[in-house]
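What follows is one chain in structure tokens, specifically the form predicted on its own.
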């Protein structure tokens, strides 16, 4: 078990970061070239003021009409994304490991706050899964990969929660926690999780086209 821990917390960490960084650069570069090839005017339409206006409206809760029409989905989505980003980045245990490895550190949240955010992420994943099962219009667009993606996102938080509370085998949960986190990181550029990379570009383009060309709002 110790050798497995050394492997997943050593070489596999570097491999997952290499895949994430290299894959992100590759996906952004290829999408940029594809956009130019298929629609040469895409870059001519880009306007920083309209792009920023659109991005701002779509990142502010209830900033768009669609968000106002689906308040529950909007609240769950924002709680999910905020907790998903803050809990791993500002967890004391993670920061302590980074400090030990690279002598870099920053502020952290309390363990109780991280615990609550972890439970919110897990609950949100359950909500998204039930939504895909229950709503006909969403179920029609759902396939197996969507459920796999939800599992990939939920796994680091479930295993981290179990490891922190030591409700099951601690060493096994820690190994699964690290491994599932690496899988999620490596999956970002090559799955629908890549929206975290493309959101500024796609939303910026749509905002530019609607604002500068159609003279209309896109929210």
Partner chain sequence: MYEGIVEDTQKAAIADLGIDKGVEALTPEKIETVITSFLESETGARFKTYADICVHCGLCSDACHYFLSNDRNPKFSPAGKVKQTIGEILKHKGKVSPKFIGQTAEIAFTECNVCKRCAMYCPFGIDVAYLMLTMRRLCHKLGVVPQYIQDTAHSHSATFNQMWVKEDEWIDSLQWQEDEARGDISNLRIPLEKEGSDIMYSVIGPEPKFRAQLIYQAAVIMETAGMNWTMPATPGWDNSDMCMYTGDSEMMGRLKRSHFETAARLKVKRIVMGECGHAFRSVYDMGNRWVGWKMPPIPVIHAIEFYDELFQKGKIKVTHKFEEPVTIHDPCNIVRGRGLHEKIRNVVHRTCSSLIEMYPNREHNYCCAAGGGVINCGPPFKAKRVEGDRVKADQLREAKSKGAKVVVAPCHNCHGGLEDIIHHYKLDMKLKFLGDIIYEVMEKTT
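For clarity, every value in this text was computed on a predicted model and none was experimentally measured. Positions refer to the first chain, counted from 1.
Form predicted together with its partner chain: not shown, discussed below.
Its partner chain is not drawn, but in the model of the complex it has no heavy atom within 4.5 Å of residue 24. Using a 4.5 angstroms limit between non-hydrogen atoms, residue 210 touches its partner chain in the model of the complex. Among heavy atoms of residue 17, none comes within 4.5 Å of its partner chain in the model of the complex. Using a 4.5 angstroms limit between non-hydrogen atoms, residue 34 touches its partner chain in the model of the complex. Remark: all three candidate residues (69, 192 and 216) come within 4.5 Å of its partner chain in the model of the complex, counting heavy atoms only. Picking from 85 to 93, 101 to 109, 118 to 126, 133 to 141 the stretch near its partner chain in the model of the complex, with a 4.5 Å limit on heavy atoms, gives 133 to 141. Shown here without its partner chain, the chain has 38, 39, 41, 42, 44, 45 in 37 to 52 lying with a heavy atom within 4.5 Å of that partner in the model of the complex.
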